[in-house]
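Next up: a single chain in structure tokens, the form predicted on its own.
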């Protein structure tokens, strides 16, 4: 369980987006290389463009709830991120915004946020665990978050559990055979590579935790 006790508020949501922009920029080349191996080689560039735009918008935009911030992120990603990532992450943040209509989030709310984001990704991408997509990171993250909450973790502890599970989930995509998206065109050649969407999921959740600890 985290040693930090408390809730996550609008300031945290803004800081998360700004931390995500920095983290995605730092990971841009890595994400691009991962996508070059099994995709269009544009995931890093697209994610960087989207989160730079989102970070700029959340600074001064009025927001009374965490959901207000997440909705702005969703709209920005949908309008600026190309490829599959824009609709997928945009829908994830939009679904998350709908269940975070409060000024502050506790453990239950963080779990709801993650579960809603997962539902958004699944609804948009029509993917399931084991198909070598970001679902392989989001699914264990949401499950671990719920388990941590049930064990008495605070909001930050819930995020810690989610990040650890997402990292493991992302790593699990390496041996998988891709059956969704452009990577599926490669058949057996898709095996042996880390899914870029799963990796960017880890980057975003790590930024959320960093912002919470800050």
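Residue numbers count along the first chain shown, from 1. What you see is a predicted model; the values in this text were computed from it and never measured.
Absent from the display: the form predicted together with a small molecule. The rest refers to it.
Using heavy atoms only and a 4.5 Å cut-off, decide whether all three of 100, 115 and 158 touch the small molecule in the model of the complex.
No, none of 100, 115 and 158 comes within 4.5 Å of the small molecule in the model of the complex.
Sort through 73, 88, 105, 141 and report the residue having a heavy atom within 4.5 Å of the small molecule in the model of the complex.
Of the candidates 73, 88, 105, 141, 88 is the one lying within 4.5 Å of the small molecule in the model of the complex.
Contact residue in the model of the complex, chosen from 110, 77, 96, 135 - any heavy atom within 4.5 Å of the small molecule
The option sitting close enough to the partner is 135.
Test of understanding: in the model of the complex, would residue 154 fall inside 4.5 Å of the small molecule by heavy atoms?
Although the small molecule is absent here, residue 154 would stay clear of it in the model of the complex, with no heavy atoms inside 4.5 Å.
Residue 40, heavy atom within 4.5 angstroms of the small molecule in the model of the complex
Close contact exists here: in the model of the complex, residue 40 approaches the small molecule to within 4.5 Å, heavy atoms only.
Do residue 198 and the small molecule share at least one heavy atom pair within 4.5 Å in the model of the complex?
Taking the distances in the model of the complex, the answer for residue 198 is yes, it comes within 4.5 Å of the small molecule.
Okay, which stretch from 61-69, 164-172, 145-153, 43-51 lines the small molecule in the model of the complex, with non-hydrogen atoms inside 4.5 Å?
Of the stretches listed, the one contacting the partner is 43-51.
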